[in-house]
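Quick setup: one chain, the form predicted on its own, written in structure tokens, and binding and motion questions come after.
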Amino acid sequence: MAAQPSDTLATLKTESETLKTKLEEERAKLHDVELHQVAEKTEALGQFVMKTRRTLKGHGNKVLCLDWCKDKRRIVSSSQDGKVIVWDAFTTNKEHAVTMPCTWVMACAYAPSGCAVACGGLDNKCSVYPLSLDKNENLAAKKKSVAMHTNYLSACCFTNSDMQILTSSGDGTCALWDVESGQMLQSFHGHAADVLCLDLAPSETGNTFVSGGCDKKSCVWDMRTGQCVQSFETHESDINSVRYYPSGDAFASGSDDATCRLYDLRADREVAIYSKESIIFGASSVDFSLSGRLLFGGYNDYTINVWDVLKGTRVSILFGHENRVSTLRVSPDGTAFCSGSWDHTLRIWA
């Protein structure tokens, strides 16, 4: 007599749990020293003053996502009211504006060439808009729908060319798309719940990316095979943001459990936790300084915490936003960073 499907499922679940525990035990055996212990002899960071240098006003609702252009000057941002705005961060001028057919535009990205932006949200799609110098041109008419998911689009980013785009979605998958044809080139299955964030490995030959989601798990994926090559499950709540270390050998994640964590890909484990008793609100967004020594974290208590990556200590706390900080990105040349918030504004800090 065949076993009941529910029985086999239960046994398989317990088996996978025991295997996970064994894996964690094996990982723990290799765990010989903490990162902050190794970094004890490193010189402490001096005092530095960072303050708001520009405030970008123009969104009529919560700012949800932003991305820098490779020219180190322009920024694209998207908001809950369906607006996508391209800014000149030096002059604070708005250069382009698009109204999306949906609200909650949760993802936006600048193309590497600077000639297009991609965005999407509750419409389950990722749309690419080419940007032109002609101020009177109707951008919406040139819109191209590239990606289709079965649930909301949570993040998108171009690979190293304008021709391919990576997306993550509330349907629990990530996918790689061809921009011209709108064809799916590869799909990535492995998350057990909504995927909330992704980041592409920094190297030119980067064939990997990392994603994080509501299953408290972050996965490193091989774009060529579609396989998950490494996964880490140490957060206690949803992972809102993942970002590669500049060298590509590690990545950081920020979570609703009020911590940021650093994972070393070569050691295949978590090497640092950035948290304080006094921080009780979730981290919505993380990014590294250009050197990788600082980790900036945007939090739901309206603050931005700056962490010393090596020592694990907080070196600064930045106030200014009047609602939760939803997105944060360091500029490509590392001279400044921009944060977006539910207070409808973006701020440039340096």
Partner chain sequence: MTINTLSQDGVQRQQMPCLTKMERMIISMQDPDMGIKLRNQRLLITVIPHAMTGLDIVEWLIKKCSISDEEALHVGQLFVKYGYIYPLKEPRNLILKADDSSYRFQTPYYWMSTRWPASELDYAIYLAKKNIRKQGELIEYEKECYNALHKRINHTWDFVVMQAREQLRASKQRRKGDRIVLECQEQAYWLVNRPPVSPEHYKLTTLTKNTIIEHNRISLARNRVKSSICLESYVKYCEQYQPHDPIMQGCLPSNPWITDDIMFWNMNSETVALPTKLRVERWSFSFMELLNDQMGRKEFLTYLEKEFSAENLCFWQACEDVRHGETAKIPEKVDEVYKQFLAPGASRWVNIDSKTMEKTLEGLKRPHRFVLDDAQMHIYFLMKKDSYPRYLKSELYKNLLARAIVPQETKKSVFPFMRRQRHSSPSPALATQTAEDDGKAKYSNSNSGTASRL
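Keep in mind it's a predicted model, so treat the numbers as computed, not measured. Numbering follows the first chain given and starts at 1.
What comes next is about the form predicted in complex with its partner chain, which is not displayed.
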Joint contact, L35, C115 and S247 to its partner chain in the predicted complex, by non-hydrogen atom at 4.5 Å: yes
Select from the listed residues S161, T99, S145, T103 the one whose heavy atoms reach within 4.5 Å of its partner chain in the predicted complex. S161
Is S187 close to its partner chain in the predicted complex, meaning a heavy atom pair under 4.5 Å apart or at it? no
Looking at the partner-bound form in the predicted complex, is S168 within 4.5 Å of its partner chain by any heavy atom? no
Consider C65 of the chain shown here, and say whether it contacts its partner chain in the predicted complex, taking contact as heavy atoms within 4.5 Å. no
Is A141 part of the interface with its partner chain in the predicted complex - any heavy atom within 4.5 Å? no
Scan 207-236 and note down the residues that get a heavy atom within 4.5 Å of its partner chain in the predicted complex; none is a fine answer too. N207, C214, R224, C228, V229, Q230, S231
